[in-house]
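This document opens with one chain alone, in structure tokens, the form predicted alone.
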Amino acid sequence: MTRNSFTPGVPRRALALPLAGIAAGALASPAIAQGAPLRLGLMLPFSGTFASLGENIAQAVELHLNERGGRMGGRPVQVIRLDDESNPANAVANVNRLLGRDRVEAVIGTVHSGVVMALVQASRERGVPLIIPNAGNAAATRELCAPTIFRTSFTNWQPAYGMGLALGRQGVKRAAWITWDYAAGNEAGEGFRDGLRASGGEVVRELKLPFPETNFQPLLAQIPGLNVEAVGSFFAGGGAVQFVREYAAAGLRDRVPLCGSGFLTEGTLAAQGAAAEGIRTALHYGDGLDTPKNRAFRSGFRERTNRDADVYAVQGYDAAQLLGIGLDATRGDPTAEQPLARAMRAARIDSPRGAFTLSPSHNPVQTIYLREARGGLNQVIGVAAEALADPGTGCRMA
């Protein structure tokens, strides 16, 4: 764990333990009046498979903090990093460490959907503001929604819905869906099916294998006999690299076009090489978005990191933007739950992806772009879905 303070030497706020009959806001107010730093926890993977994702999110958060002079709501911000290693088994202990020993007052996290559920539970039970900068599991902003839980990324349903919608508009009537049999793949499959159905098509077969197995051959062998016009899929990381390569090697690429949620080719194009050329995906960010905000963001991120920004960096940057809006409205008091939530819910975020708002369940209402893999880029070629909100099924905001 590391601590980055934008205001070295400023005294830390004393831990406010729950006391019967005393409101949390009353305990926090003296510290705020004394100018104590706001302790912001970044619970992200800084090692292991998703380390680069966590680092890009964190760097983008700190980029926005620098743009704000290191302050939110008039308070200096102290960033406390915690490496969650994308390990659900350690999630509860890590959350307790952040909220207990490290006394953080707001949290941005995380990447892994299994890990984020511990943060969701803590936010619901303890009222700590949580902004999710990646994990796409739908429950966090559906049946487990809460006034203190916000997302600046996506639900797994959203990009896949956009892809299905675009596919149907292109005249596709019959498609198959291939994925790992786990929450992310199944939620994406639901979105793909809903989008395709909304534009006149149908998913005639779903092919799945256990996560994280990569024996794709038995599934690929079934595709020629399905009489489908396209195959949609959800894979990510190394699994996506292998799947795309094997799809092309099986001679399917030119016979049945492959498409999917944007994570099929996000961050994987270099390894996929020529096998990915021409694959269409849908996501809320892509290469070639030529707007002043995106140009400035990419320039600032590259200057800071010597890397190109990606969708993960965008989501982290917007998490910091959203938190800043809430804290500015409460003069730096993260325990002022209602005004904080009201300001964040009403926000219009000027994002590198394009401006977005939030749904009643605190999920982005955003443009889903249609992209095509060309020469190592996920080039934006159009819009798959405009102002798309997650259904928010089961959300009953307290």
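So that the term is clear: the rigid core is the largest set of C-alpha atoms that superpose within 1.5 Å between two forms. Remember, it's a predicted structure, so these values are computed and weren't measured experimentally. Residue indices: 1-based, along the sequence shown.
Only in words, not in the display: the form predicted together with a small molecule, which the text now covers.
- Checking Leu167, Val111, Leu130, Val244 for any heavy atom within 4.5 Å of the small molecule in the predicted bound form turns up a single hit: Val111.
- Checking Met72, Val120, Leu269, Ala135 against the small molecule in the predicted bound form, a heavy atom within 4.5 Å turns up for just one residue: Ala135.
- At the 4.5 Å threshold, heavy atoms of Leu38 stay clear of the small molecule in the predicted bound form, well away from it.
- Not displayed here, the small molecule is kept clear of Leu82 by more than 4.5 Å at the level of heavy atoms in the predicted bound form.
- For Tyr161, no non-hydrogen atom is located within 4.5 Å of the small molecule in the predicted bound form, even though that partner is not displayed.
- Although the partner is absent here, Phe297 is not a contact residue: none of its heavy atoms lies within 4.5 angstroms of the small molecule in the predicted bound form.
- Only one segment in the set 49-57, 64-72, 343-351, 368-376 has any non-hydrogen atom within 4.5 angstroms of the small molecule in the predicted bound form, and it is 49-57.
- Not one of Trp157, Phe192 and Cys259 comes within 4.5 Å of the small molecule in the predicted bound form, counting any heavy atom.
- With the core superposed, Trp180 shows a C-alpha displacement of at least 2 Å between the shown form and the other one.
- With the core held fixed, Pro147 shows a CA shift below 2 Å between the shown form and the other one.
- With the core superposed, Gly267 shows a C-alpha displacement of at least 2 Å between the shown form and the other one.
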